[in-house]
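Listed next as structure tokens is one chain, alone, in the form predicted on its own.
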């Protein structure tokens, strides 16, 4: 009896977040202690290599805290952050160092992520210097490549950051992240505050970069219709918890939770037809 060939094993997700929790203590006074605020409560999700999870929710729902925990800017109080099989939540600052290049963050306010007096080349090269990667010539080559991928002309390498427009600074921040050749980008409201045309350009740029390099994205936004164009799956947060998750087409066409319906209504558009999204 001939044995049938076994199906290839499904690779584990690049990132698996399990029961993530984070609590803050609000500042109190001499007469009243600070109150405990649980920003994230038992959040779990996963992201496959090369795919995009859109994390949506209203302001204050805890989505940025999730991002900061994954990037280990914050240390979670509970839960696991399994990245390539390693629990980042349990690692010390020194133990995290080898993983830093693989997970890069892009924030809403690009100006706060860079020294305004640095040249574009210096800003992009800084992570390479911090990680001790490459010779000066190799770093210069990677800077040129990252600028090209982010849609920045090479002749702008000597321009100071304060001479860039808002959209150009966001491209500069993206180039700074890409220069380390990450496996995961955590994008926290990166298109908020940009005009419609610039938002569309950078959204398309992110799709092109992902297609070229197979980078996974955790894309955080309050705009479900933006996530409908960018994400493979969408997870919705409310008051620190995940309240709905599913394929983008399902979330856009048949939202189940009141928070999801509220986010869709907030854009002033009708529900998207089935099959929306990627």
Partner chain sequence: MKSYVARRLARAVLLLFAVSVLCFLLTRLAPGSFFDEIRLNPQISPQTIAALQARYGLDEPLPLRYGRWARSVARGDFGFSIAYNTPVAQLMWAPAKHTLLLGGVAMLLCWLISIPLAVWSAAYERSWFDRGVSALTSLFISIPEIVLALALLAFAMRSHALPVGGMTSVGFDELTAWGKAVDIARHMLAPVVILVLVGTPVIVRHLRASVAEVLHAPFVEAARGCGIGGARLLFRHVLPAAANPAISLFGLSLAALLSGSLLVEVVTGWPGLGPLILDATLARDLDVVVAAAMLGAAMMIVGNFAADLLLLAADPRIRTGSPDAG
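Remember, it's a predicted structure, so these values are computed and weren't measured experimentally. Residue numbers count along the first chain shown, from 1.
This next part talks about the form predicted in complex with the partner chain, which is not shown.
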Next item on the list: Taking 4.5 Å between heavy atoms as the contact cutoff, choose which of 163, 78, 138, 95 touches the partner chain in the predicted bound form.
Entry: 163
Next item on the list: Please pick, from 116, 193, 134, 153, the one residue with any non-hydrogen atom lying within 4.5 angstroms of the partner chain in the predicted bound form.
Entry: 116
Check: Honest question, do 16, 57 and 241 all end up within 4.5 Å of the partner chain in the predicted bound form by heavy atom distance?
Finding: no
Next item on the list: Specify the contacting stretch among 213-221, 39-47, 66-74, 246-254, defined as having any heavy atom within 4.5 Å of the partner chain in the predicted bound form.
Entry: 66-74
Check: Would residue 171 show up as a contact with the partner chain in the predicted bound form if we use heavy atoms at 4.5 Å?
Finding: no
Check: Is there a heavy atom of residue 126 no more than 4.5 Å from a heavy atom of the partner chain in the predicted bound form?
Finding: yes
Note to self: Can you tell me whether residue 144 touches the partner chain? I mean in the predicted bound form, with a 4.5 angstroms heavy atom cut-off.
What the structure shows: no
Margin query: in the predicted bound form, is there a heavy atom of the partner chain that lies within 4.5 Å of any heavy atom of residue 100, even though the partner is absent here?
Written below: yes
Next item on the list: Scan 216-240 and write down, in order along the chain, each residue with a heavy atom lying within 4.5 Å of the partner chain in the predicted bound form.
Entry: none
